[in-house]
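First, one chain by itself: the form predicted alone, in structure tokens.
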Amino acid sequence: MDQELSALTVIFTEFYYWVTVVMMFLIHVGFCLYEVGVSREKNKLNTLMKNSMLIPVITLGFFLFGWWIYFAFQNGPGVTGALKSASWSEPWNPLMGPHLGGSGNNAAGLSQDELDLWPRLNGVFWAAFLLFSWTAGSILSGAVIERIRSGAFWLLSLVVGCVTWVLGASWGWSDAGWMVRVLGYHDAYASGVIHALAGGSALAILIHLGPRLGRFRADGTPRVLPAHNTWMIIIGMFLIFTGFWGFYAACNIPIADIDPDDTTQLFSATTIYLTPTTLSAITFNFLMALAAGMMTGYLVSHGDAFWTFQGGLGGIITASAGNDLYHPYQAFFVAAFGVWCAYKLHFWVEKKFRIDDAVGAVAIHGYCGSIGVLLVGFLLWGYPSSPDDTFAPITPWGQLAGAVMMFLLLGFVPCYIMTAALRRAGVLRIPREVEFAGLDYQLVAWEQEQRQEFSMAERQEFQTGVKEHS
């Protein structure tokens, strides 16, 4: 970095992404609180540990192969080109660790411009995408609580968090992905590539996993299982909203020269597609979508706290695909429509197919995300998908193909096949006796035994002391 301005830009960008990663960590804190709050008392510790341990599982996988998949598969391969070289993302490369760049030390085989960039930004870019991967795993976690084996869940979260969602991002959420180039796919803040994909994955798992014991009556109508701690759910949702701010910021490139003719310097933030946007624009739309989602959730659920806050999240997710270009009015009505549809679909699917989605993850992430992707095709029809004018523009058919790709082909199908195999092997669901007793029953029994032993010892020492002083 021989120019002071370029050096400051890179260092600012490095710090910018580092801050977004810290903010996004709150999403996972929120998911843990939220899911534990929904779980019944007898399962709460298992729910906490199941979700918490996806952090090390996905982190290791994303370091070893997830980051490389994102860059290497942008052409398909075989759709718009061959497998791409991405040496900086290979786990054995010196740039996957401490490195100051410079010249004369180019073990990665990069150009000088790349050496000026990747040593500073590789780690924070990797971490931002890693936090997106944790989110994909956590979406699965809430849907399947209180009946899935932890090992089966971690395996599924590894595949979704390090392979399938990363493929979706490589194809449709990068500046050179084949879906952007060929279909004009637009998904600025990941309604499809994370939320629709993870929602489709969760639905596939739930089909094979089955409902919790006692969840449905003989006539097929569902019983309501009250949450054990509503306050924990609400605090968790507020933390998810807060972390979502970091997520939105991390989806942007904070400063880039966007002059198409390169005759002057025109700096702006851009989306991941390198199309211009501003933090001010997405702030308007984020808050309008949150407001519409909460209002709609409150109205359709007749004031239910759980669905009011779920509606807020669903509103953001629905509008996210186009929130770089929407007017705030558009973001508001898109969010309201998505939440209304998702709420109605959730209860129809639940009753019709006996799908026991403990937290409404399929509806809020899968249905809202897919609806958001589809609406972009109509509301932003004809807008450029990329600053490269050889790429296809945004169209309804391109967005329809993208929604099918994310929810069905990358989300539902792989997890349906995997979960069928796990079920056949007898390692998907916990035994009925354990489910009835509660997944925490061994720990609870051990804690009771320790409390009793401690109480007896305390009483004995107290009585001995009384005798000695008498």
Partner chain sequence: MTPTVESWHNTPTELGPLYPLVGYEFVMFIACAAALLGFLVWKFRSENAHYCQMVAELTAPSPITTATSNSAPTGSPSHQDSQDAHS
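Positions refer to the first chain, counted from 1. Owing to the predicted nature of the structure, the values given are computational and were not obtained by experimental measurement.
Not on display, but discussed next: the form predicted together with its partner chain.
Not displayed here, its partner chain is kept clear of V404 by more than 4.5 Å at the level of heavy atoms in the predicted complex. None of the heavy atoms of W397 is located within 4.5 Å of its partner chain in the predicted complex. Taking the partner from the other structure, its partner chain in the predicted complex has a heavy atom within 4.5 Å of a heavy atom of V427. In the predicted complex, its partner chain stays beyond 4.5 Å of every heavy atom belonging to L83.
Of the candidates G210, P276, P77, P384, G210 is the one whose heavy atoms come within 4.5 Å of its partner chain in the predicted complex; the others do not. Here is the short version: of G220, G102, P226, G303, the single residue with a heavy atom within 4.5 Å of its partner chain in the predicted complex is G102. With the partner omitted here, the stretch from 49 to 57, 29 to 37, 66 to 74, 404 to 412 that lies within 4.5 Å of its partner chain by heavy atoms in the predicted complex is 49 to 57. Proximity to its partner chain in the predicted complex holds for all of W154, L158 and L439, with the criterion being a heavy atom within 4.5 Å.
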